[in-house]
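Take a look at this single chain, the form predicted alone, given in structure tokens.
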Amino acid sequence: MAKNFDSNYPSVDDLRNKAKFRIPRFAFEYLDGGCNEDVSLARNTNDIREVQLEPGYLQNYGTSSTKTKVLGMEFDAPFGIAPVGLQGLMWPNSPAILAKAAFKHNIPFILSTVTTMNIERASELTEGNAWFQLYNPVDDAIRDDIINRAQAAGCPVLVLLCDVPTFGFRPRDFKNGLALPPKMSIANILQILGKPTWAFNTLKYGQPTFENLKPYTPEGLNLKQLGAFMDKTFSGRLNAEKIKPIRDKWKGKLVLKGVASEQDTQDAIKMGFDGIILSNHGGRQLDAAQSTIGTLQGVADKYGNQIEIMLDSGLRSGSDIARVMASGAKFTFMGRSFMYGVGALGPKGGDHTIGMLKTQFQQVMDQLCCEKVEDLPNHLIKQ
């Protein structure tokens, strides 16, 4: 059993249930929900769990190792913490909790442009090992300054987001006032009063703000004005012309996140990306989207030897990680699962969730009699 594992919460579902009890409804629904009717949200996990693996009980088998290499770096497990926006809204100080836990356990932590901790603090907590996810600004000067900050902070990987050409239609967020421009309703205030631990920690760590964007945000904006500023400043629309100056300027590894087709994979290779993260934004952007595992099955066969292929969206357990790795991914990322962990257990949530997933994944490796993560595709039962 992995160190820091709390047997009272042996699954992501257990963490989710506890987090739901501790987080105000408007913040929990922002974390938990998808877009439109949540079809894509459910499809991601359901399709992953259709994957079946075959053990080899009578093979010569030693000790399994969960160590994994991706983008020239070795990690202790084949999963990392995906970028999540507004983390401090869902649980106060959560990006710091997760960054420290990721560094301690030697797994990657990706900081979002629009989360509540800045690049410099993430670098400090991870000794320069945090990856940074860039939500591309309209203004080239802001873009270049953010990239300069990420390089100065020592970030080894820049993750460029491509799957937000428009904001997803998320009914819960509209009802709760968390669409742009945001608003705080009386109902939300009453929900806060009913979650005293969340409220106390928010007072302790301060109201969540877009820390990365403070140097570029005019002072004194109210929530409506901030929403208008964000809408004006950032554009999720990418093409070769916008990507080229980023590729030219960035000296480290460059990854494209949000890839959802073979064509975009082919284009990413031509544009000089070192890796891609197959993703549909956790089912938050396009409800009619194919599941990420569905995209992986075609992409890995055609392009797996040309670019590092990673995947997020839909994973909820160590078994899910094993299924995805067996299907051809080189690495995986999870977002909601780790936020459920900190929502449920606060400062201990990062350690616990990583330990829990390591334990689950190790058990699958041992049960399959698979010694190395890269050998997992040998255990895939092809449908």
Ligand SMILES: Cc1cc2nc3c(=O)[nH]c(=O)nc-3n(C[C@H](O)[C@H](O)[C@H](O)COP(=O)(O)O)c2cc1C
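Fair warning: this is a prediction, and the values are worked out from it, not measured in the lab. One rule holds for the numbers: they count along the sequence shown, beginning at 1.
Another form exists, predicted in complex with the named molecule; not displayed. Remarks below refer to it.
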>> Check for me whether the named molecule, as it appears in the predicted complex, comes within 4.5 angstroms of all of V84, Q133 and G314 - heavy atoms only.
In response: yes
> Taking the named molecule in the predicted complex as the reference, which of G318, G328, G335, G349 has a non-hydrogen atom within 4.5 Å?
Replying inline: G335
> Of the options L286, I192, L238, V114, which one has a non-hydrogen atom that comes within 4.5 Å of the named molecule in the predicted complex?
Replying inline: V114
>> Looking at 100-108, 273-281, 241-249, 139-147, which stretch has residues with any non-hydrogen atom within 4.5 Å of the named molecule in the predicted complex?
In response: 273-281
>> Check L31 for me: does it contact the named molecule in the predicted complex (non-hydrogen atoms, 4.5 angstroms)?
In response: yes
>> V255 versus the named molecule, in the predicted complex: is there a non-hydrogen atom within 4.5 Å?
In response: no
> Using heavy atoms and a 4.5 Å limit, would one call M90 a contact residue for the named molecule in the predicted complex?
Replying inline: yes
> Does any heavy atom of L158 come within 4.5 Å of a heavy atom of the named molecule in the predicted complex?
Replying inline: no
